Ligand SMILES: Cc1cc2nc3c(=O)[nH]c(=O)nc-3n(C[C@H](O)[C@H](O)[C@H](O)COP(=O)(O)OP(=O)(O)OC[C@H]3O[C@@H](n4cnc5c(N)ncnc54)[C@H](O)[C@@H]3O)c2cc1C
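The chain below stands alone, shown as structure tokens; this is the form predicted on its own.
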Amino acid sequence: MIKTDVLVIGSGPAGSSAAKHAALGGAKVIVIDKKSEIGAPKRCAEGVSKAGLADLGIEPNVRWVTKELDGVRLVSPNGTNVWLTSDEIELPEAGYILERKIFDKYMAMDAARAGAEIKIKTLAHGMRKEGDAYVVTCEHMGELFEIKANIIIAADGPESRVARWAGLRTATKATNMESGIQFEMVGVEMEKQDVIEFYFGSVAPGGYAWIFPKGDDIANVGLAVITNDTDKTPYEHLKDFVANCPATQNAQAVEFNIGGDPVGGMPKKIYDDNILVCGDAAGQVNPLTGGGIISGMKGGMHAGIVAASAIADGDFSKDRLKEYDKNIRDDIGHEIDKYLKVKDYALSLSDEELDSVADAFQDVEFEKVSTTELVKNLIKVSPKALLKLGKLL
């Protein structure tokens, strides 16, 4: 049996962030991941904000940044465009498109440099409580072994098995689980190569479609849908979008990605004796945009810091670990709750109402590009939005 202070299960951005900060805090840390290569396959559109990286103390690196962004294009169901670019407004939330296969690996390397031990191609089969610790049964290359840890950090993605093993109810309801599906394509003909595009309405019921440029004529082209809102499969929706979108008429797919995106907010309880849950496993995702890289890494950071402090104190109880819950909710909880309400409102709009909002936005002067600014102006142009969302600002 291997013994450690902290065992992180899952080495996506959230797990690597947790491992890094726990190790920096002086804890002995092991990270396990079932994949042979950290970061592959990718499961997202790969966008992050500059401000989010800065909050985490991460400097952009040319090895994993593929494109710096200069704005946003919003497209309503009838094709009405709303352009929000740096030509006319501030871009405090401008960001980057990543190469996740490299970014995730670099974040794991940061954790290793901080002192964490990484075990790839290592699958957690189950865990049991033993005294004031958990024992996790693992498999590597057909061989079984056990790791005993005072604190488990579950960063194993949506529908976390680890949290369930610990008795936590973190599963996302089907109505709050978007099915994300995406091609990486070549030959994409965008009007502006440094602007991300969002398409709304029945093109992607319960979500939206996107085109995220990665350089030259390469882009991530995908969509996210709530499957119980549609009779078609996510793949059929994506094929229809690609067939009808002007930007993809001459494009070809070179990669295919799928994954679930929990957009129902954080569960009520994401900690207990000897365990913390972070990242997608804890619903640390913007419910409106579906983005979870930065918020998940913040969850990992707070989990790692609290875990290291608890190890130093010799106290792994839920009363000690609830500090994590307070810290992460103080950091991102309000934003998640706010955008959950905005998402629910947006889902109530018909294609005709979305077209009307886009038309009204033609006469609105945006001061900056941010989700909050978008909501503020939505309330200005829509009485229905004022009634539903006015209290959020």
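Note that this is a predicted model, so its numbers are computed, not measured. The numbering used is simple: start at 1 and walk along the sequence shown.
Unshown form predicted in complex with this ligand; subsequent notes refer to it.
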query: Which of 315-323, 267-275, 291-299, 233-241 sits within 4.5 Å of this ligand in the model of the complex, heavy atom basis; finding: 291-299
query: Sole residue of A133, A124, V203, V72 within 4.5 Å of this ligand in the model of the complex, by heavy atom; finding: A124
query: I211, A108, I152, V285 - the one with a heavy atom within 4.5 Å of this ligand in the model of the complex; finding: V285
query: Non-hydrogen atom contact D261 with this ligand in the model of the complex at 4.5 angstroms; finding: yes
query: Distance check, G279 to this ligand in the model of the complex, heavy atom within 4.5 Å; finding: yes
query: Interface membership of A22, this ligand in the model of the complex, 4.5 Å heavy atom rule; finding: no
query: Distance check, G47 to this ligand in the model of the complex, heavy atom within 4.5 Å; finding: yes
query: This ligand in the model of the complex reached by all of A18, K28 and I147, non-hydrogen atom within 4.5 Å; finding: no
query: In the model of the complex: members of 172-196 within 4.5 Å of this ligand, any heavy atom; finding: G180, I181
